[in-house]
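So this first bit is one chain, no partners, the form predicted alone, shown in structure tokens.
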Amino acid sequence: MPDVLTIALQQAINGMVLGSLYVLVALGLTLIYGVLVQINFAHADIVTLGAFAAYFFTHRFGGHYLASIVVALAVGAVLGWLINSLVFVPLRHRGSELLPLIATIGVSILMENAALAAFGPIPYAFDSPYSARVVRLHGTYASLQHLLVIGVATVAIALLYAFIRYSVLGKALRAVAQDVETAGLMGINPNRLVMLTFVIGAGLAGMSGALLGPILVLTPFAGASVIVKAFAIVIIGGFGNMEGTILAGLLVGLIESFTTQLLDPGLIDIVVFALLLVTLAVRPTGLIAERREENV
């Protein structure tokens, strides 16, 4: 019988895998909210279409799985550009902040039903060459697919953080998040920075779909299985705060993993959203309070 430490380490590994996926999805929502103070409800469908792009690239066109992650990222980025150009740009200055929000709900329904019509309701078996290869260490184990998820997520998060904090474009993006009008007076083009935000956020969502596909069931509604958790993570971490989102995503992944081990898998959503309610009651600003001068 495995000892308590081995079980704890195993569940910690599982939680890190889930948390890494959640963070990749939630970071896109956080970026968009941090710059625009808007929520993109079509984000879930970008995850789904990224997963299908990776699936068809590998299973129908014979591409390598690692290359399919880049393909999914590119597909997500293009979708982000289209959603911003066709939905957010025309509605951004129409006098109501609710218009883009409502429009993205319509876009989400449209994309879900288009995916359902194109791919059908039957789940797809997205086999990764790394899923069946297992690494064992002192009684714990993880597939190479799980390690790949953690590795890709870590690199993506580190690159995004470095870009936001230290690059010229990242500093300009933070200036737009702080004050759009003042940033414009300083020679920054806010529209280009907003477009860049959508492209980066949607690219992360598409890439997370490619990583998610071999782990969960691939259907036209695959993204919906993680987006609700991603919204909860953004709220728990603090709206618009990157560090809070990363911390909350890993926390939720660990909570899910240990809930499965110690309680019951059916209680996962109850525990996660109980945490959300407690956070809202005790610390409504999230784990790390939002400060507009430090957004994104």
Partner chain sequence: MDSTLRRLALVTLTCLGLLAGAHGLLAVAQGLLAVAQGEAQEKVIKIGALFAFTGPGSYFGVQDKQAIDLAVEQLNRTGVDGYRFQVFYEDSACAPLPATQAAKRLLEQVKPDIVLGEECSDATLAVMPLIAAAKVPLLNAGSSSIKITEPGNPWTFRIMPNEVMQGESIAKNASERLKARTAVLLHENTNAGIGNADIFERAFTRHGGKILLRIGFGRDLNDFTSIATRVAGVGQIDVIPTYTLEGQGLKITQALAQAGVTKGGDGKAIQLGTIWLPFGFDKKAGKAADGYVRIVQFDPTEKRPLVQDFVKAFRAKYGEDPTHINAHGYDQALLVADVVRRGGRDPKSIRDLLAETKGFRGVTGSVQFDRTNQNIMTDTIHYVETQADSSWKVLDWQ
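Here the structure is a predicted model, which is why all the values come from computation and not from measurement. Positions refer to the first chain, counted from 1.
Note that the form predicted in complex with its partner chain isn't included here; everything after this is about it.
Asks: Go through 241 to 249, 56 to 64, 34 to 42, 224 to 232 and give me the stretch that gets within 4.5 Å of its partner chain in the predicted complex, heavy atoms only.
Replies: Single hit among the candidates: 224 to 232.
Asks: Could you confirm whether T182 comes within 4.5 Å of its partner chain in the predicted complex, counting heavy atoms only?
Replies: Flag for T182 set to no.
Asks: Does at least one non-hydrogen atom of Q178 fall within 4.5 angstroms of its partner chain in the predicted complex?
Replies: No, Q178 sits far enough from its partner chain in the predicted complex that none of its heavy atoms falls within 4.5 Å.
Asks: Heavy atom to heavy atom, is R192 within 4.5 Å of its partner chain in the predicted complex?
Replies: Yes, contact at 4.5 Å.
Asks: Going by a heavy atom distance of 4.5 Å, is Q10 a contact of its partner chain in the predicted complex?
Replies: Contact with its partner chain, yes.
Asks: Could you work out which of I105, V199, I215, L147 is the residue within 4.5 angstroms of its partner chain in the predicted complex, going by heavy atoms?
Replies: Looking at I105, V199, I215, L147 one by one, just I215 meets the 4.5 Å heavy-atom criterion.
Asks: Identify which of L86, M186, L137, V155 has a heavy atom within 4.5 Å of its partner chain in the predicted complex; exactly one of them does.
Replies: Of the candidates L86, M186, L137, V155, L86 is the one lying within 4.5 Å of its partner chain in the predicted complex.
Asks: Within 255 to 278, which residues have a heavy atom closer than or equal to 4.5 Å from its partner chain in the predicted complex?
Replies: Heavy-atom contacts within 4.5 Å come from S257, T260, Q261, L263, D264, P265, G266, I268, D269.
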